[in-house]
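This document starts with one chain, in the form predicted on its own, laid out as structure tokens.
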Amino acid sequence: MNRNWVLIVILALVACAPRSQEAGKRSRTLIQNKGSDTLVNVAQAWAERYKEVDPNVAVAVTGGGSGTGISAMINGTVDIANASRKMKDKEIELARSHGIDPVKWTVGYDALAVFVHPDNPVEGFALEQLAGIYGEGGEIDSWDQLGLEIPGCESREIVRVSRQNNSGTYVYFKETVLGKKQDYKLGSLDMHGSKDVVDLVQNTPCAIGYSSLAYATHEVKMPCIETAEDECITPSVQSAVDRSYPIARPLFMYTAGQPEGAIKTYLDWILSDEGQCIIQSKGYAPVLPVDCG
């Protein structure tokens, strides 16, 4: 056998040799998932658990707000956008101008809780009172106006804690509590994330804030919210499920059209009993009743 043939045989053997590590890398699927800070903790829990369900699929989760996730889905930089609000008409129009027909997946329900400092004696709020506190033109700026005296709050001034305007929580609170035609008052402390809201309220006797029930701690108090039927409902998983709580909301994932392959399989798993038990364990309500043992 001459040298040329020897070289050809060697090259053929190299080409056919197993490259398991490289092949493994190529076969592994990465799903990019971005958006709502309300959903980020449960999305990370889903991603961690799914490593055991399918080791060949990795899910990369980041927050940044519902608007950020939706924009990334429209721009094609993520596979799944998490959102704690529905897409706006202008977002849907923008998506369609990019040739994308967004598909909405309802993955759970949340009670949007109102938080105050644990020393605050308030027991409940009417939606009109919250609108008076947070809404532009609202005349409630002092706890005295609500007949409340709060230890440690010498100024009596209500410190309004809110979210940034790319947050689905910000949008949902505005639509549900203030109404679509009323804007927020200027001068609120606008937090990046839900945890930041809770942290600030628990350390500020004069403060009031709103965020997902899932971020509640023993260091804050959650007053009940009055309904149109004059009931006062406390935020809970159950009151989110039966929608008796006045500020309960669905939680969504959006995809750019009908998903296929690993993305579709992942979403189906999220909606399975296993996936829904995870969202329930994080303080949210599952889409359907599940038996989590």
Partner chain sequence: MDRRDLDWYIDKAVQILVFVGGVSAILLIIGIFVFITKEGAGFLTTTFDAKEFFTSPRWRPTSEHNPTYGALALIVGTASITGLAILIAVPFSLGAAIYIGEFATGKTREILKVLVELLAAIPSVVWGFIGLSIMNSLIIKLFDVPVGLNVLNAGVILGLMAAPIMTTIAEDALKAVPDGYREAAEALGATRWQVIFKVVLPAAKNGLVAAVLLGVGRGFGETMAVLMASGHSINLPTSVFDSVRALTATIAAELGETAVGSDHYRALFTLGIFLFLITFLINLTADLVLRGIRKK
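Here the structure is a predicted model, which means the values were calculated and not measured. Numbering follows the first chain given and starts at 1.
What comes next is about the form predicted together with its partner chain, which does not appear here.
- Screening E219, E136, D119, D141 for any heavy atom within 4.5 Å of its partner chain in the predicted complex leaves a single hit, E136.
- Though its partner chain is absent from this view, in the predicted complex it lies within 4.5 Å of a heavy atom of just one residue from T176, N203, T106, Q145, which is N203.
- The three residues E231, V241 and Y245 each lack any heavy atom within 4.5 Å of its partner chain in the predicted complex.
- The shortest heavy atom separation between P235 and its partner chain in the predicted complex exceeds 4.5 Å.
- Taking the partner from the other structure, its partner chain in the predicted complex has no heavy atom within 4.5 Å of any heavy atom of K86.
- Its partner chain in the predicted complex is not approached by N41, whose heavy atoms all lie more than 4.5 angstroms from it.
- Looking at R96, you'd find every heavy atom of it more than 4.5 angstroms from its partner chain in the predicted complex.
- In plain terms, the part of the chain that comes close to its partner chain in the predicted complex, with a heavy atom within 4.5 Å, is 156-164 out of 98-106, 210-218, 122-130, 156-164.
- Residues from 187-206 that approach its partner chain in the predicted complex with a non-hydrogen atom closer than or equal to 4.5 Å are G187, S188, L189, D190, M191, H192, D196, L200, N203, T204, P205, C206, in the order they occur in the chain.
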